[in-house]
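Provided below as structure tokens are two forms of one protein chain, presented individually as structure 1 and structure 2.
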Structure 1
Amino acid sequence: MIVRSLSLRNFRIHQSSSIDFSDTLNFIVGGNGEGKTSLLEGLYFLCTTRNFKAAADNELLRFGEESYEVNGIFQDTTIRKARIYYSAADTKRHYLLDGKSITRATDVIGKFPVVLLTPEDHQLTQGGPADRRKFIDSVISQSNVFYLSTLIEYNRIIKQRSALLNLLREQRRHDYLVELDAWDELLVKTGTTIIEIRQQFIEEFNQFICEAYSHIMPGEEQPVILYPLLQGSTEIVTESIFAERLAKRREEEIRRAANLTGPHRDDFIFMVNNTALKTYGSQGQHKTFQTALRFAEFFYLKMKAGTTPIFLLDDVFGELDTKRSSRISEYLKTVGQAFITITDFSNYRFLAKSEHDATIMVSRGSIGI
């Protein structure tokens, strides 16, 4: 997958910006607040229908304007055109793919595989279980439509079951308990499917983690991801085991009005040299693991999707030492097209830049090549 061009109108600080990209590395250069990250936001928006800054539409709208627009042209075996349009008047966002209106995110996710590496990725290794689940679910969802639909259904079940547990805490009625049995059956079925797919994914993904890590720290450290099933169980999780564990915690769930058992509470343990990274890892190891996760995601999606993902790197070199930065820069040569934001080249002499790469200067929302 190649991004041919991007245009922004009244998006963030950009009044009207259009860029044609190189097929190789695209270095987006500008100071803080000049609008360089907005280009990555626009690309990610088109690929996922979501803004990675989690900003509301009115925050994306340029000050004093009534609407914004993001357009992109993608090329794989065919040319695809994606457009996002928002009007403050009707407070509604529209997504169009090749001129046709798209109303479900599931109709877009996976069509333009995308990988994003940002300083906020420190949450992957240093944050809570929800951050790691979000990462794992995102990677699988981009390569497995069935998993994405199952995950959406599972989250719906969790929401409905939570509401019912609240009712049961207030009043233990027989009809509520019968309804809970029905939700439990659905929870077990979809939850077991999610666990099985996650387990298979981790087995495959660990190979990609090792490969990526070895490019950044060759031969020095051995990474691995562990997936303790159902909050620490080492058993192979079947529907019967899931149902048994769920039944044991029913009274506690009703008392607390909370869903306490299932893959929505699982964690993934990141290890380096048989040691838990979160507890004992150095700052350098955390940064290396975070970067390796994104390179592993890139090459995993490339294998599964049969197309090259779009790789976005937002201001990541500033937090890495020269040794790791240099190796990451060399590793980027194997990616193909990538989009990299930096403040200036003077502090990044280690960057491996070729004559085919593009330099895009961004200043106050204006573009220069």
Structure 2
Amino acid sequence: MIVRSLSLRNFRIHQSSSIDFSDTLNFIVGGNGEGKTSLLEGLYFLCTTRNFKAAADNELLRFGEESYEVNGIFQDTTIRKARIYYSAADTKRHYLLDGKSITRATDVIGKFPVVLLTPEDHQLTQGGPADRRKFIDSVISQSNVFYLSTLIEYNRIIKQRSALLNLLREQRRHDYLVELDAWDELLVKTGTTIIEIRQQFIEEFNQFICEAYSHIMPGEEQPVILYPLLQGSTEIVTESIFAERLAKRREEEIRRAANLTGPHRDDFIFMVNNTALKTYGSQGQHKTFQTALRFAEFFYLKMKAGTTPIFLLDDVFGELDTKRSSRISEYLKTVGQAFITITDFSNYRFLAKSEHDATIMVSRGSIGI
């Protein structure tokens, strides 16, 4: 899929900006606060109906204005026009696809697959297990709707079970304990499905992460993602093993009124050359891994979805040395269309820019050449 053009009206700092994009690399150049990232924000917004900075509509609205508008023209087998319109008067946001109003986000999600690399991605390797679960779950969900619905059901079970554990902590009634057995059975069944799908995914995704990493650091480092099932098991987790583990911690669960065993507490361990990245990784290794994760996501979704996602890279070269940066820029040539924000070309002489690539200069919310 290709984005042909984007226009922003009263969106963030942009009063009225229209850009036609190249099918290949689009370098968005400008200083801090000039409105580079807003272009990526607009694209991501159209693709997902969500704002990646989780900003409220009144923050997105240009200061002193009444309404904002984001328009995009996408091309796959056919041309599709997406439009987001917000008016401060009725505080409502409208999403229109080819002129038709869309009310459910699921009608848009997946139509325009998008992969985003931002400086906030440091959370992926340096943050907590929840950040990594969110990443893995989101990549699987985008390519497997069954996984998404199973995950939603699992989270519902977790909530119900936690309410029941609270009741049991107050009063140990026999019928509540039998009810807990019933919730356990469902938790184990749904949870095992989640573990199995994650396990298959990691196996497949490891090839993608290796491939991506080797493009950035050829031959020098070997990355791998480990998935210790149920917080530390390397054996295959079957329903009976899960149930056994759960039974062992029942007393503790009731005492703490919390769900202590299950895939909702699992972590994914990122390794480089057999050592844990989180503990022993250098800044460069962290940044390389984060970048490789997004490239791997891109190629994985491309394979699964059958359509090429668009790739948004916000300030990716900021913390990387010239060697890695120039390799990433070479690697980018293989993705198809991508949007890359950079502050200044003179600092990035290594960038391999070809004649089809576009340079978009952004200053004070206006587009130059």
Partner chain sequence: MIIPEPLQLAIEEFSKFPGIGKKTAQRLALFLLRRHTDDVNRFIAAIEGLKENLHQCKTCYNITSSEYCEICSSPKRDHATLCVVEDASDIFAIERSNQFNGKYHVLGGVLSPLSGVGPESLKVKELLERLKSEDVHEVILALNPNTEGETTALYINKLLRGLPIKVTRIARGLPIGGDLEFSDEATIGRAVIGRVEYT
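Start at 1 and count along the sequence of structure 1; that gives the residue numbers used here. Take the two forms, find the largest set of C-alpha atoms that superpose within 1.5 Å, and that set is the rigid core. Here the structure is a predicted model, which is why all the values come from computation and not from measurement.
Between the two chain copies, the one drawn from the form predicted alone is structure 1.
With the core held fixed, the Cα of His286 is displaced between structure 1 and structure 2 by less than 2 Å.
Remark: with the core as the superposition reference, the CA shift of Arg265 between structure 1 and structure 2 reaches 2 Å or more. Annotation: Cα of Glu253 displaced by at least 2 Å between structure 1 and structure 2, core superposition. In the core-aligned comparison between structure 1 and structure 2, the Cα atom of Val145 sits 2.8 Å away from its counterpart. Core-based alignment between structure 1 and structure 2 gives a C-alpha movement of 5.6 Å at Gln160.
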